[in-house]
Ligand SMILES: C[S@@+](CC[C@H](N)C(=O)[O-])C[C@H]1O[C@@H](n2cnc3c(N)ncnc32)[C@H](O)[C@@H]1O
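In the block that follows, a single chain appears as structure tokens, in the form predicted on its own.
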């Protein structure tokens, strides 16, 4: 590709000449090289100016936007190898994990990400792990708008949330759809630890249960669940309850009866609530129990926990299967165990 090169102070004079003579190639971008400007031209020409020009054949396409990797390498050099290329996108927010070895470059990495990814308005980095009763993640905004509330689309559903106030995992979309596809017409479903209601709403959008009850302790998550119920045009078929499952589920059983299907998406301490689930499930009802397990523990330890709790409460279970729903740490996985209570 042909370019004509001129020093900055004579650039406008040369540009006017090129335009008036039809020599400027407007399909390509003007480029800069330090104190010089390079104009794309259709062909070489002969013209005497009172300043120097030179022609250059360049393979560089100045029209092409540099990629995230290219800009990282350009700005960080060998340290670019330390940048993790796995990230989550939640609506207009990108969530990065930045190793401590390059933490000082966080804002630069964020700016590069923002520049090279369309539709992203905010870039954040994770600070520490999930903490507290509600397993909330801390974030630091490193580029773009200082706004941690967003709307994202998953499986045809729209979800509004503030990532600093609720637990979320956009990587569970496939798992939520897997569960929804198993729900049979007319079933009554209970979702324990329902958060901002991704499971209940996905189930109601992709299957035909008679009723879904969702219980969540975090008041902020419950607030967003109410918003998302309206956002997805869902009516009385979904009941949202803000409270402790140990307290609220027995009340539901007393008022509405037991459930055909129960979801327990709390993999860190879900085993503590199997007693509540066993008391709330119908005979031959199904429970989806989530748990964090090391690679070598899958699936044996999960079934051991379930069988132990079942024996304690004089329940008999029939295994349906287990599904690995993603890696959450080094050799640590989220696993869903599906079983029927006989």
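Source: prediction; values computed, not measured. Positions refer to the first chain, counted from 1.
Keep in mind the form predicted together with the ligand is missing from the figure; the text below concerns it.
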query	finding
Among the candidates 71, 252, 217, 183, the residue which, in the predicted complex, approaches the ligand to within 4.5 Å (heavy atoms)	217
One residue of 259, 199, 224, 213 in contact with the ligand, assessed in the predicted complex (non-hydrogen atom, 4.5 angstroms)	199
Heavy atom contact within 4.5 Å of the ligand in the predicted complex, the stretch among 191-199, 83-91, 138-146, 100-108	191-199
Whether 245, 265 and 273 all lie within 4.5 angstroms of the ligand in the predicted complex by heavy atom	yes
Residue contact check: residue 236 to the ligand in the predicted complex, 4.5 Å heavy atom	no
Contact test in the predicted complex: residue 113 vs the ligand, heavy atoms, 4.5 Å	no
Residues of stretch 111-140 in contact with the ligand in the predicted complex (4.5 Å, non-hydrogen atom)	133, 134, 135
